[in-house]
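Shown here is one chain on its own, the form predicted alone, set out as structure tokens.
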Amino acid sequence: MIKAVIFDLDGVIIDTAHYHYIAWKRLASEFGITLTPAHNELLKGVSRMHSLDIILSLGNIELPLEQREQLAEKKNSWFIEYIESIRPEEIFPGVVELIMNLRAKNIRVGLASSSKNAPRVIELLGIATQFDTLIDGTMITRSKPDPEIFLLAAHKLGVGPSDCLVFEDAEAGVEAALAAGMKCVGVGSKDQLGKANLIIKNTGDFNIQSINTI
């Protein structure tokens, strides 16, 4: 019996991944690196520093930790500028209704995002009060595919991992959910999310009546 649903943020509730991509692409260009959409797929669901390391590896560039931290902070300052324009209308169709329907069934709802800016994003979207707990990148030490973020969310929600269902759009996120012992709905392409228990094109396509048959 599913007692809690945990949502990723980027690509599941809103396309903040687009804003991340613009900021990372801007930073990569300073090193003569062209960041393609295919490269960007590698950055989904992983931490800021890990994302930077991936980008630098594309140019075979090695930098000391202090400089990498400065670059990550620069990228984040650009991202924050971009997301300040986010509005509730950008939430994917059907997501708010899905969350409300889950809550109406007394199913607890959590958000688990590797982004350290997740609290600000959901505040701008006007849905912060819809989540029983929020886990962001400031609260974990290991990024996906490590299951830490989802296990912490389950703990905060007061439910066991096997009673949780995760919505994820990234391969690393799917692997993290499964490693945590949870069921997972993949949002997006079967090619990338084939390990998920169920794959749907859009979050709002999920049929809540089938929640315990996944």
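Keep in mind the model is a prediction, meaning the values are calculated, not measured. So that there is no doubt, residue numbering starts at 1 and follows the sequence shown.
Omitted from view is the form predicted together with a small molecule, to which the following refers.
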Notebook entry, point to check: What stretch, of 153-161, 62-70, 184-192, 47-55, brings heavy atoms to within 4.5 Å of the small molecule in the model of the complex?
Noted result: 47-55
Item checked: Touches the small molecule in the model of the complex: R108 (any heavy atom, 4.5 Å) -> no
Margin query: Using a 4.5 angstroms cut-off on non-hydrogen atoms, would N76 count as touching the small molecule in the model of the complex?
Written below: yes
Checklist line | Non-hydrogen atom contact A23 with the small molecule in the model of the complex at 4.5 angstroms | finding: no
Check: Using 4.5 Å between non-hydrogen atoms, is K116 touching the small molecule in the model of the complex?
Finding: yes
